[in-house]
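Just the one chain here, laid out as structure tokens, in the form predicted on its own.
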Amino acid sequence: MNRLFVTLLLSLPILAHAVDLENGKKQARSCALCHGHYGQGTPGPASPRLAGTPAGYMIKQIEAYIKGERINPRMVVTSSLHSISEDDIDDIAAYYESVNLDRINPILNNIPLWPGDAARGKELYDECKSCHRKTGMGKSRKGIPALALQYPRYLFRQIKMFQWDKRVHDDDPEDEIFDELSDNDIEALLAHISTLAPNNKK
């Protein structure tokens, strides 16, 4: 074999784990107990939509639960997070990112409109669109989730968690973007975000 070719091969980075979507689907069965068969979630505050979530973002959140940086003992036990491997986590995240609810059943992709002052919410959203985009669809390649595809009641709870310092927003413990928001402001923000959902733009 050509010496130069061998040298080039040895200089290449070791390939990362090749994701296994079938394994991810299998491992995700325990998640389905709360998040639904396809990861569609529920409209309440506790079981968000996982389908279509950027894999990088999901991996980061799973690891936060395992490390105790996010707290939900019931979920950690039910999903056996402490007993799954890093490869399994990669596979689960890749599987959920691959799920297209519109292709499975468009009804599963519906996000309810949220009551509130959507015009005021649009003004407040100016602080969010640099990351989550004007459309609310996030940036998958950068692991930024699509707010427009998430249930408003869940988003309300998470914003309160940021305010209570129970979660860290944007990997920045000093982030104060939500600190001055009243509950009415949050309701308005969510009212605008819910109008960005594809089913509410038809």
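Residue indices: 1-based, along the sequence shown. Note that the coordinates shown come from a computational prediction; the quantities given were computed from them, not determined experimentally.
The next section is about a form of this same protein that is not shown, the form predicted together with a small molecule.
(message) Taking the small molecule as it sits in the model of the complex, is R167 in contact with it (heavy atom to heavy atom, 4.5 Å or less)?
(response) Flag for R167 set to yes.
(request) Mark Y38 yes when one of its heavy atoms lies within 4.5 Å of a heavy atom of the small molecule in the model of the complex, and no otherwise. (result) So Y38 does not count as contacting the small molecule.
(request) Decide whether C131 counts as a contact residue for the small molecule in the model of the complex under a heavy atom distance cut-off of 4.5 Å. (result) Because a heavy atom of C131 falls inside 4.5 Å of the small molecule in the model of the complex, the answer is yes.
(request) Spell out, yes or no, whether the shortest heavy atom distance between E127 and the small molecule in the model of the complex is within 4.5 Å. (result) Contact check for E127: yes, within 4.5 Å of the small molecule in the model of the complex.
(request) Identify whether the small molecule in the model of the complex is within 4.5 Å of every residue in the set R103, M137 and K201, based on non-hydrogen atoms. (result) Verified in the model of the complex; spot residues all out of contact, no.
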